[in-house]
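The data below hold one chain only, encoded as structure tokens and taken in the form predicted on its own.
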Amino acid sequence: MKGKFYDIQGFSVHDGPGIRLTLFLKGCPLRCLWCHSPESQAFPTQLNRMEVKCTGTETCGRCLPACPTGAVKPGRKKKALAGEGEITLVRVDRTLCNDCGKCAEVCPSKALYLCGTDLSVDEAMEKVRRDKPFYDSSGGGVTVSGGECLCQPDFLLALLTACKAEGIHTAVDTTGYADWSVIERILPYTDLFLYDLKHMDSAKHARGTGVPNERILENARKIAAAGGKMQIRIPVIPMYNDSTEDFDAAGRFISDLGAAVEMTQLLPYHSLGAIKWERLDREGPRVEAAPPTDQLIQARKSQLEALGLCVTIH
């Protein structure tokens, strides 16, 4: 059994307590309009194209004959970074590309690369063990994130079980959009859930993420009732969920979860991941707004704190 990863980040300090290793599993059932990790959405391994690294077909071009389907073609020209003249970049015809990675294998500058790596539990645990002294000294551990890691339930369960067998603190970063049976299985091996709360109105939730929220809210209630621990995470999206009324509704829900919620984190919207959509030759996120102001974030923080909640800003 193997899991499909799109990234692994060491020395993470924002995904749970202490110093952590965050493992990002590929695949997500949501399509958030503000998504800053589009490479996490699809389950299969995908070819990415980082145009800024391409040295041009004039001096390289190895990817063109390497592609078995003819999907890699000469593209637009741009001014050379060094010297005079222009270089011809490559483009990918996504109607022909089958993500085989033959072009990436021969690309010396890594302008073409595959996103999606298969690892067994043992292979993943080799990476986990390397940082164990940091977990032990800082009260950290391992966070499994996504995409939506609950979409790879058997692998997730096996990985969490292996971590707990070695005394490593575990956290699961999740949208909560999964069958309760999946969450119920991992509960005994999950010390903390980093739980997204995007909107309390189901219709608005669906417009912003592609799915309704009833299952998400019900799973949060069940985690709390079962004795699980949570950090609630609210992405603060302008003109979507940043109003006083939105936070009133969210605050009441979080308060009702009681002692299960150790902390609520506010994650202000940003557009730093927009370039990632170009790497997949996909249209970017459909939220076009300035990041929320510090004044607004502080006001929403105070609003939740007035309900007795512990609130931090990520």
Partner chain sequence: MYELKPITGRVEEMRRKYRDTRPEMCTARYRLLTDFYQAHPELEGILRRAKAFRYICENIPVRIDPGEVIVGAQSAKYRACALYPENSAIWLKQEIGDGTIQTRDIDPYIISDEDKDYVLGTIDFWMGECMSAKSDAQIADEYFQYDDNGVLLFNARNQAQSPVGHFIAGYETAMHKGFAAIKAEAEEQKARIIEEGMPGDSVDRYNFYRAVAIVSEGMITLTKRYAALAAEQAASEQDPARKRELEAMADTLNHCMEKPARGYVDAVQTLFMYHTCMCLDANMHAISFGRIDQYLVGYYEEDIRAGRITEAYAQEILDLFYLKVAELNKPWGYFHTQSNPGYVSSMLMTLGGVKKDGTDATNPVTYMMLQTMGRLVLHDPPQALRIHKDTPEALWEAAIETTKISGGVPTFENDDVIIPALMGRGLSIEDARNYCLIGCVEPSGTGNEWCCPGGNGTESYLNLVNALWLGINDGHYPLHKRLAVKEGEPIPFPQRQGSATGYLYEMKTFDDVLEAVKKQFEFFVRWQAININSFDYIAREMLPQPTVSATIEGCMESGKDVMSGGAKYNSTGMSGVGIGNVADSLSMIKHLCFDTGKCTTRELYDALVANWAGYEDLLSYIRNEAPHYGNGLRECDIFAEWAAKVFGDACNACTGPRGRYSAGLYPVTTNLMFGRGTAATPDGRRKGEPLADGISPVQQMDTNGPTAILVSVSSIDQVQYPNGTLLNMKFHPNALNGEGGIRKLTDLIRAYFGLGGMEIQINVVSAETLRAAQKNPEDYKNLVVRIAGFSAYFVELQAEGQEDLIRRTELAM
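Residue numbers count along the first chain shown, from 1. These numbers were taken from a predicted model, which means no experiment stands behind them.
Here the subject shifts to the form predicted together with its partner chain, a form of this protein not shown in this document.
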At 4.5 angstroms, heavy atoms only, are 19, 62 and 137 all close to its partner chain in the model of the complex? yes
Might residue 227 be said to contact its partner chain in the model of the complex, defining contact as any heavy atom within 4.5 Å? no
Wondering, does residue 52 line up within 4.5 Å of its partner chain in the model of the complex on heavy atoms? yes
Would residue 314 sit within 4.5 Å of its partner chain in the model of the complex, counting heavy atoms only? yes
Is there a heavy atom of residue 133 no more than 4.5 Å from a heavy atom of its partner chain in the model of the complex? yes
Heavy atom contact within 4.5 Å of its partner chain in the model of the complex, the stretch among 249-257, 271-279, 63-71, 40-48: 271-279
Neighbours of its partner chain in the model of the complex among 220-241 [non-hydrogen atom within 4.5 angstroms]: none
